[in-house]
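The form predicted alone is given below as one chain in C-alpha coordinates.
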Amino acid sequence: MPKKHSDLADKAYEQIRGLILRYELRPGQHIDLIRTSQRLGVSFTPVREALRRLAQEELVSHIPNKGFSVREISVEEAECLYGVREALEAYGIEAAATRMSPDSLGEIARLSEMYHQSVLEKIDRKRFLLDKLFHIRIAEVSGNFVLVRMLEQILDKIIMKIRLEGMPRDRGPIAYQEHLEILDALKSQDPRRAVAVLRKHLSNAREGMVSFLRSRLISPELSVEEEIA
(Lines give C-alpha, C1' and ligand atoms only; values in the text may rest on other atoms or scores of the structure.)
Protein backbone atom coordinates (compact mmCIF):
# COMPACT_ATOMS: atom_id res chain seq x y z
CA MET A 1 0.00 0.00 0.00
CA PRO A 2 1.55 3.36 -1.02
CA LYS A 3 2.45 5.77 1.74
CA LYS A 4 0.19 8.76 2.28
CA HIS A 5 1.48 12.10 1.03
CA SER A 6 1.38 13.56 4.55
CA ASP A 7 3.48 10.64 5.83
CA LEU A 8 6.11 11.29 3.17
CA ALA A 9 6.20 15.00 4.04
CA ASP A 10 6.56 14.21 7.76
CA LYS A 11 9.37 11.77 7.04
CA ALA A 12 11.14 14.27 4.79
CA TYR A 13 10.81 16.90 7.50
CA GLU A 14 12.45 14.65 10.10
CA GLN A 15 15.23 13.63 7.70
CA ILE A 16 16.10 17.17 6.63
CA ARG A 17 15.92 18.39 10.21
CA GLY A 18 18.31 15.60 11.14
CA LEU A 19 20.73 16.65 8.40
CA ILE A 20 20.78 20.18 9.82
CA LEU A 21 21.17 18.95 13.39
CA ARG A 22 24.11 16.70 12.43
CA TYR A 23 25.76 19.55 10.48
CA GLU A 24 25.47 17.67 7.21
CA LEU A 25 23.53 20.72 6.09
CA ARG A 26 25.22 23.82 7.46
CA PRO A 27 23.89 27.31 8.23
CA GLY A 28 24.04 29.42 5.08
CA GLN A 29 24.02 26.41 2.79
CA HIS A 30 21.68 26.25 -0.19
CA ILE A 31 19.37 23.21 -0.28
CA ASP A 32 18.98 21.85 -3.78
CA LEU A 33 15.54 20.29 -4.28
CA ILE A 34 16.65 17.78 -6.91
CA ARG A 35 19.57 16.43 -4.92
CA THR A 36 17.56 16.42 -1.69
CA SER A 37 14.74 14.47 -3.32
CA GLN A 38 17.22 11.95 -4.71
CA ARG A 39 18.97 11.61 -1.37
CA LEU A 40 15.73 11.03 0.54
CA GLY A 41 14.16 8.87 -2.17
CA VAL A 42 10.98 10.93 -2.47
CA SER A 43 9.46 13.36 -4.98
CA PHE A 44 9.79 17.16 -4.94
CA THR A 45 6.40 17.78 -3.31
CA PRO A 46 7.00 16.25 0.16
CA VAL A 47 10.50 17.77 0.24
CA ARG A 48 9.11 21.20 -0.60
CA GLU A 49 6.43 20.85 2.06
CA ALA A 50 9.02 19.76 4.62
CA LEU A 51 11.17 22.79 3.80
CA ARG A 52 8.20 25.12 4.11
CA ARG A 53 7.51 23.67 7.55
CA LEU A 54 11.15 24.21 8.53
CA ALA A 55 10.87 27.78 7.21
CA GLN A 56 7.89 28.36 9.50
CA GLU A 57 10.08 27.20 12.39
CA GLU A 58 12.76 29.68 11.24
CA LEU A 59 15.32 26.94 10.64
CA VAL A 60 15.26 27.40 6.87
CA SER A 61 14.97 30.53 4.71
CA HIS A 62 12.91 30.68 1.52
CA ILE A 63 13.62 33.36 -1.05
CA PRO A 64 11.27 33.36 -4.08
CA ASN A 65 13.03 32.37 -7.32
CA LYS A 66 16.16 31.44 -5.35
CA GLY A 67 14.97 28.54 -3.22
CA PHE A 68 15.74 27.35 0.29
CA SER A 69 18.81 27.61 2.51
CA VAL A 70 19.64 26.80 6.12
CA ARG A 71 19.23 29.88 8.30
CA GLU A 72 22.05 31.38 10.35
CA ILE A 73 21.54 32.87 13.78
CA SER A 74 21.87 36.64 14.13
CA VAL A 75 23.24 38.58 17.08
CA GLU A 76 19.76 39.86 17.93
CA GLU A 77 18.21 36.40 17.77
CA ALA A 78 20.98 34.89 19.90
CA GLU A 79 20.46 37.51 22.60
CA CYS A 80 16.69 36.90 22.57
CA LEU A 81 17.02 33.10 22.69
CA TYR A 82 19.54 33.19 25.52
CA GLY A 83 17.32 35.58 27.47
CA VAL A 84 14.33 33.24 27.27
CA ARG A 85 16.59 30.25 27.89
CA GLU A 86 17.92 31.77 31.11
CA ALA A 87 14.41 32.48 32.40
CA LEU A 88 13.25 28.93 31.69
CA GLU A 89 16.32 27.20 33.08
CA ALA A 90 16.44 29.32 36.23
CA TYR A 91 12.83 28.37 36.94
CA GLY A 92 13.53 24.71 36.18
CA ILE A 93 16.72 24.32 38.21
CA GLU A 94 15.13 25.94 41.25
CA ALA A 95 12.50 23.19 41.24
CA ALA A 96 14.98 20.47 40.30
CA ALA A 97 17.40 21.29 43.13
CA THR A 98 15.04 19.93 45.79
CA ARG A 99 13.88 16.94 43.72
CA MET A 100 17.27 15.64 42.61
CA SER A 101 17.79 11.92 43.30
CA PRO A 102 21.18 10.17 43.47
CA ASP A 103 20.38 8.42 40.18
CA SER A 104 19.55 11.68 38.43
CA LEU A 105 22.68 13.32 39.81
CA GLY A 106 24.77 10.41 38.59
CA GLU A 107 23.26 10.64 35.11
CA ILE A 108 23.85 14.40 34.92
CA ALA A 109 27.43 13.94 36.15
CA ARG A 110 28.05 11.34 33.40
CA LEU A 111 26.71 13.74 30.78
CA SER A 112 29.07 16.41 32.13
CA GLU A 113 32.05 14.06 31.77
CA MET A 114 31.00 13.16 28.24
CA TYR A 115 30.89 16.86 27.49
CA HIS A 116 34.37 17.21 29.00
CA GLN A 117 35.70 14.54 26.63
CA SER A 118 34.17 16.35 23.66
CA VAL A 119 35.94 19.56 24.73
CA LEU A 120 39.26 17.78 24.25
CA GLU A 121 38.37 17.06 20.62
CA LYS A 122 37.71 19.37 17.67
CA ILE A 123 34.62 21.55 17.84
CA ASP A 124 31.63 19.80 16.32
CA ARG A 125 27.91 19.42 16.84
CA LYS A 126 28.48 16.56 19.30
CA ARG A 127 29.75 19.03 21.90
CA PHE A 128 26.64 21.18 21.61
CA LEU A 129 24.31 18.18 21.70
CA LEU A 130 25.95 16.87 24.87
CA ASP A 131 25.62 20.30 26.45
CA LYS A 132 21.94 20.24 25.48
CA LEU A 133 21.46 16.85 27.14
CA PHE A 134 23.09 18.11 30.34
CA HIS A 135 20.69 21.05 30.59
CA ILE A 136 17.61 19.14 29.45
CA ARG A 137 18.17 16.39 32.02
CA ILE A 138 18.24 18.97 34.81
CA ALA A 139 15.03 20.51 33.49
CA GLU A 140 13.37 17.08 33.35
CA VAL A 141 13.95 16.60 37.07
CA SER A 142 11.81 19.69 37.69
CA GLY A 143 8.82 17.65 36.53
CA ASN A 144 7.56 20.46 34.28
CA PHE A 145 7.10 18.87 30.85
CA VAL A 146 6.00 22.16 29.24
CA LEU A 147 9.25 23.81 30.32
CA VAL A 148 11.27 20.88 28.95
CA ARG A 149 9.55 21.05 25.57
CA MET A 150 10.04 24.82 25.29
CA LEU A 151 13.69 24.55 26.35
CA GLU A 152 14.36 21.83 23.78
CA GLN A 153 12.98 24.07 21.02
CA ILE A 154 15.18 26.98 22.07
CA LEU A 155 18.32 24.86 22.40
CA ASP A 156 17.72 23.24 19.01
CA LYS A 157 17.41 26.66 17.39
CA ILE A 158 20.69 27.80 18.90
CA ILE A 159 22.49 24.58 17.97
CA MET A 160 21.12 24.24 14.43
CA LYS A 161 21.68 27.85 13.36
CA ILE A 162 25.26 28.44 14.51
CA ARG A 163 28.18 27.91 12.16
CA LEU A 164 31.15 26.21 13.79
CA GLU A 165 33.88 27.43 11.44
CA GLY A 166 36.18 29.83 13.26
CA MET A 167 34.58 29.28 16.67
CA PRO A 168 37.13 29.80 19.50
CA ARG A 169 38.05 26.73 21.54
CA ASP A 170 38.47 28.41 24.93
CA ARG A 171 34.79 28.43 25.90
CA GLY A 172 34.49 24.61 26.20
CA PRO A 173 36.85 24.07 29.18
CA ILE A 174 35.31 27.04 31.02
CA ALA A 175 31.80 25.72 30.40
CA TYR A 176 32.83 22.33 31.81
CA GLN A 177 34.04 23.95 35.03
CA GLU A 178 30.75 25.80 35.26
CA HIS A 179 28.91 22.49 34.80
CA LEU A 180 30.78 21.19 37.83
CA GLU A 181 29.67 24.21 39.86
CA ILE A 182 26.06 23.54 38.84
CA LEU A 183 26.41 19.90 39.84
CA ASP A 184 27.86 20.84 43.22
CA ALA A 185 24.92 23.17 43.90
CA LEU A 186 22.48 20.41 42.94
CA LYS A 187 24.23 17.92 45.22
CA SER A 188 23.82 20.40 48.07
CA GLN A 189 20.13 20.77 47.20
CA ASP A 190 20.57 24.53 47.39
CA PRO A 191 18.04 26.14 44.99
CA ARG A 192 19.32 29.70 45.44
CA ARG A 193 22.91 28.74 44.72
CA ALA A 194 21.87 26.51 41.81
CA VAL A 195 20.03 29.42 40.18
CA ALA A 196 22.98 31.78 40.76
CA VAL A 197 25.62 29.50 39.22
CA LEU A 198 23.30 28.63 36.33
CA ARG A 199 22.68 32.30 35.56
CA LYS A 200 26.45 32.94 35.59
CA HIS A 201 26.99 29.99 33.25
CA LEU A 202 24.36 31.14 30.76
CA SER A 203 25.48 34.76 30.94
CA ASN A 204 29.01 33.68 30.02
CA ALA A 205 27.67 31.43 27.25
CA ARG A 206 25.59 34.26 25.80
CA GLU A 207 28.52 36.68 25.96
CA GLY A 208 30.77 34.19 24.17
CA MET A 209 28.19 33.47 21.49
CA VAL A 210 27.40 37.12 20.82
CA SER A 211 31.10 38.01 20.72
CA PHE A 212 31.71 35.24 18.17
CA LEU A 213 28.78 36.33 16.01
CA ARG A 214 29.89 39.96 16.05
CA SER A 215 33.42 38.95 15.07
CA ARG A 216 31.96 37.15 12.06
CA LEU A 217 30.20 40.36 11.01
CA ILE A 218 33.49 42.26 11.17
CA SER A 219 35.53 39.55 9.49
CA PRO A 220 33.17 37.14 7.71
CA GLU A 221 34.43 33.86 6.32
CA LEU A 222 33.69 32.65 2.82
CA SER A 223 30.01 31.92 2.37
CA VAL A 224 28.86 28.35 2.34
CA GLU A 225 28.14 27.41 -1.26
CA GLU A 226 28.16 23.63 -1.15
CA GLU A 227 24.83 21.99 -1.83
CA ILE A 228 23.59 18.75 -0.35
CA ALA A 229 25.29 15.80 -2.04
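Note that residue numbering begins at 1 and tracks the sequence as displayed. No experiment lies behind these values; they were computed from the predicted model shown. The term rigid core refers to the maximal set of C-alpha atoms that superpose within 1.5 Å between the two forms.
Just so it is clear, the following notes concern the form predicted together with another copy of the chain, a form of the same protein that is not shown.
Contact check for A87: a non-hydrogen atom falls within 4.5 Å of another copy of the chain in the model of the complex.
Using a 4.5 angstroms threshold between heavy atoms, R149 counts as touching another copy of the chain in the model of the complex. Contact annotation: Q38 falls outside 4.5 Å of another copy of the chain in the model of the complex, judged by heavy atom distances. Residue contact check for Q56: one or more of its heavy atoms lie within 4.5 Å of another copy of the chain in the model of the complex. From the list 79 to 87, 120 to 128, 133 to 141, 105 to 113, the contact stretch for another copy of the chain in the model of the complex under a 4.5 Å heavy atom rule is 79 to 87. For the options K187, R171, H62, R26, the residue carrying a heavy atom within 4.5 angstroms of another copy of the chain in the model of the complex is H62.
Once both forms are overlaid on the rigid core, the distance between the two CA positions of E72 between this form and the one not shown is 2 angstroms or more. The Cα position of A196 differs by less than 2 Å between this form and the one not shown after fitting on the rigid core. Relative to the shown form, the CA atoms of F145 and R53 are brought 3 Å or more closer together in the model of the complex. Distance between the C-alpha atoms of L213 and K66: longer by at least 3 Å in the model of the complex than in the displayed form.
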